[in-house]
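In the form predicted on its own, a lone chain appears below as structure tokens.
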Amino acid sequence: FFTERVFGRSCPEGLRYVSPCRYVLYVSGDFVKVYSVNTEEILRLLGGHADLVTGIQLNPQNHMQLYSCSLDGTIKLWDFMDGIPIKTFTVGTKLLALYTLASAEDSVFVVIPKKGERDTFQLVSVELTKGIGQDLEGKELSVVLDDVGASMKHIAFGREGTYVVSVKDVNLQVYFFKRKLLNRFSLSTVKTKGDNRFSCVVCHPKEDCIATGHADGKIRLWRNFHHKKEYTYSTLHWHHDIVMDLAFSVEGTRLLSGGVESVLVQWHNESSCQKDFLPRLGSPIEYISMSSDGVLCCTLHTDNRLSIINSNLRFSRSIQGLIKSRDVKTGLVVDPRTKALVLNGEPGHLQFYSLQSDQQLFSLDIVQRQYIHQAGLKQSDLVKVAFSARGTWLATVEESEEVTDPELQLKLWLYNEEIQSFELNTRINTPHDNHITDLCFRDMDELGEDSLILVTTGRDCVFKVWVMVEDTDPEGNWSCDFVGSYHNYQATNCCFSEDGSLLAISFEETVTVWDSLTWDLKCTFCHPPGNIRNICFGRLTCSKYLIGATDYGFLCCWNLLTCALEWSAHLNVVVLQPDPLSEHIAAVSWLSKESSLFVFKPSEPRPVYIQRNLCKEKIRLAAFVPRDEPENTEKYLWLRKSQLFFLTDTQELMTLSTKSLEERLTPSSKQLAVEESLPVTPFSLLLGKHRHQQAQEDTDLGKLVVHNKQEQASPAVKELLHTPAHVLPSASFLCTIFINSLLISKENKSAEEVADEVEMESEKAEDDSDEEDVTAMEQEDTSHMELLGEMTCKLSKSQEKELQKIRKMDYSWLSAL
């Protein structure tokens, strides 16, 4: 199996524009994504690093190539438009940041950990070895600066690469390459109020000027830093908190700054009096990048969103990825309608994240209150979510952060087809007297709304059953139908059986099974010591089993027919997730700082799949997402219909794949080399490429299909499609070849036809050849009619004569177009 990081938070060290501002390149986990500004689509996914990508830079010698570095100790050179890795340079140590200079053609600069010292980093120059082959060594390292910051925002290169600047804590150091001079400056001795620690640094592109951001919200512009004692700096101040990033415009006439205020500030001519603002960008700004032509700038925000902004500070568009919430309390839930992952997003919001497009579909405001960014303030948050089987109903639970007396609200939302979103249907204040621990719908979609039942469990030692009633109450359509309890124990988990006839409720150490029609207690199960952490029913052929995991490290399977323990295993299960489309259940354990995956059927105590050390982080949540088409795999049958996704402690979304990265990320240039892999575009449809699939379907139905030669692409057309656009000749040169390739050529020509085309014989000879042609065509058409059993159109002699004249026309005038 191959573990794939589906979502990794967009890296502040990786955000680049490609001139003329057509593409945005940004880092996401192990990958680099190429985003089209015009079409708002992800064009390429560059994958090949074995660990997190920590920096990307365009090749100064060729802006259609990209350098990337990773924690796996490699530097890769990409042709990012074709998605092809050109070179891989192995450095052998963790790479934390990457820089390139136009003056340093055969080398790049990286930040690496200093050997033998903890939390100490160096800026080194790596000479890129020239040689034959794709995998090369990059072992020649030269130390440029010691004791630098690990973030890319802590280092900047000056005008024309003549010097490099590094900031850390309250110290600033400048190294001049030609003079080999190092000047150090410190703000600790300066008598200024506030926090003077450096947060970021950037250099003026045309002048010897350094701009630094600080933790107290100030911006300092340093000049005359060639001398240790005669340096000067001026101060700009608007931000009330830390300045998170700075960026100069291409000409250096404007300075952009961003911070926690979610406001982009534009300073003119280094003056505090001349500044413009773009407010309400949604979340704090972490990183700012300017396009090489200065037309656009891009900001990266803490909620994993990229905002594209025009040079006049007008918002253009945004790319919203999976929002990193403070705490994913809702778990990973799958929307049955869109197959999107649903989980906590912005404070008080529910985000619907599409795994296919790798973008957020929409965000639903559940709490409907303004969130106040203030430390220590107790506010309401979304804690529980559940969907009905068809996705028509959505149940949410929100509660305040108070521990002793929380404010609870249960809301029922109905999907509106007209507005394509959920509308609030019922609001229930204080559904329980204490925190709600779980909720679930009865999954009986074939019975309609009459079978809709919602169950909630709480720390108030009861579970409640909510059903739909007639619309007599103006406040809603749902009400409580039954309240159950068991020995005054706290109710912790709930789930329905596949047919909806049984309801399982866990009360601390005991699992109770209830009849969902009469609400009679049928049986109880217990496996001390330890409270029940997770429960779920088996499905399909294993529907007679009930699975439970305890916090004392036991996984138990009970038989509902015999009311006895079927088997148990000593396993510290932190996640228990059944596949809704098969009998398989995934259990994730955490032991000795290692997450392991076990996939099993309740009827068989031996797992069907085991993978130790699944990832480095602790897995908190998991979900099976149904596939659009079943996976063609015989070895891993449990992944045929669904795909397993899991979320780690660091909120990285990961999945398991049966194919390697090379197999899944085939470069488009290699795909174009295979005729069957041509993309379905209007151009390919015009050339008849779509006929292959249609012919396959007709053959499956037992039909006999007759193909024309016109449907087969000519060599000229294939060459036109397979050759990169930037190496093709002019369109005027290709026009005649292309038009001629589309004309229908006759396979069997008589001697008169050949002589007619070459020697341009008289009208009489042409008529004779036409008659012979028409006779041959009539015989061919007759055979086709007998074969297909249907009538076809025949051309008259005059129409054939006109076609012959058209073929002899001179089309050279088209080249003038």
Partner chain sequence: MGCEPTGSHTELPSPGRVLCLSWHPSGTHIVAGSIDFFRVIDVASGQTVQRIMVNHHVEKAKRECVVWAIALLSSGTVVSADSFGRVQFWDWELGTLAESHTVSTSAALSLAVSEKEDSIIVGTSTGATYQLQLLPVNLGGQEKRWVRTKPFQFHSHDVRAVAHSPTALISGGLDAQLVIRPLMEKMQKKGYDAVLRKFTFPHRRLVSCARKARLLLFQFSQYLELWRLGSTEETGKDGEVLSLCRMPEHLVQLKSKGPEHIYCSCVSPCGTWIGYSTASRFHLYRVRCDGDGVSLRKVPKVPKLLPPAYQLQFSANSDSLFVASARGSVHVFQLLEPGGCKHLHTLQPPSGCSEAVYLLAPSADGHWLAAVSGDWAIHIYNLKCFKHHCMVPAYNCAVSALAIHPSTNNLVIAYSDQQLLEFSIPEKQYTSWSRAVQSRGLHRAWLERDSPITHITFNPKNPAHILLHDTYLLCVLDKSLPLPDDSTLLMNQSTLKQLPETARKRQLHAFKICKKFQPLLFMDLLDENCLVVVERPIMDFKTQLPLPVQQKKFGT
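For clarity, a rigid core is taken as the largest C-alpha set superposing within 1.5 Å between two forms. Residue numbers count along the first chain shown, from 1. Everything numeric in this text was worked out from a predicted model, so none of it was measured.
Another form, the form predicted in complex with its partner chain, is not on view; read the next lines as being about it.
(request) Identify, from the list 230, 365, 649, 604, the residue with a heavy atom within 4.5 Å of its partner chain in the model of the complex. (result) Exactly one listed residue reaches within 4.5 Å, namely 230.
(request) Check each of 524, 196, 311, 234 and return the one that places a heavy atom within 4.5 angstroms of its partner chain in the model of the complex. (result) When its partner chain is considered in the model of the complex, the option within 4.5 Å is 234.
(request) Using heavy atoms and a 4.5 Å cut-off, decide whether 159, 226 and 273 all contact its partner chain in the model of the complex. (result) Checked in the model of the complex: all three residues contact its partner chain.
(message) Tell me which stretch of 201-209, 482-490, 456-464, 343-351 has a heavy atom within 4.5 angstroms of its partner chain in the model of the complex.
(response) Going by heavy atoms within 4.5 Å, the stretch is 201-209.
(request) Evaluate residue 240 for contact with its partner chain in the model of the complex, applying a 4.5 angstroms cut-off between non-hydrogen atoms, and reply yes or no. (result) Yes.
(message) Taking any heavy atom pair closer than or equal to 4.5 Å as contact, tell me whether residue 609 reaches its partner chain in the model of the complex.
(response) No, residue 609 stays farther than 4.5 Å from its partner chain in the model of the complex.
(message) So, residue 176 and its partner chain: in the model of the complex, are they within 4.5 Å at any heavy atom pair?
(response) Residue 176 belongs to the contact set for its partner chain.
(request) Superpose the two forms on their rigid core, then report whether the C-alpha of residue 390 is displaced by 2 angstroms or more between the shown form and the other one. (result) No, shifts by less than 2 Å.
(message) Given a core-based superposition, decide whether the C-alpha of residue 578 shifts by 2 Å or more between the shown form and the other one.
(response) For residue 578, whose C-alpha is compared between the shown form and the other one after core superposition, the shift is less than 2 Å.
(message) Taking 2 Å as the cut-off, check whether the CA of residue 217 shifts that much or more between the shown form and the other one after a rigid core fit.
(response) Yes: residue 217 shifts by at least 2 Å between the shown form and the other one.
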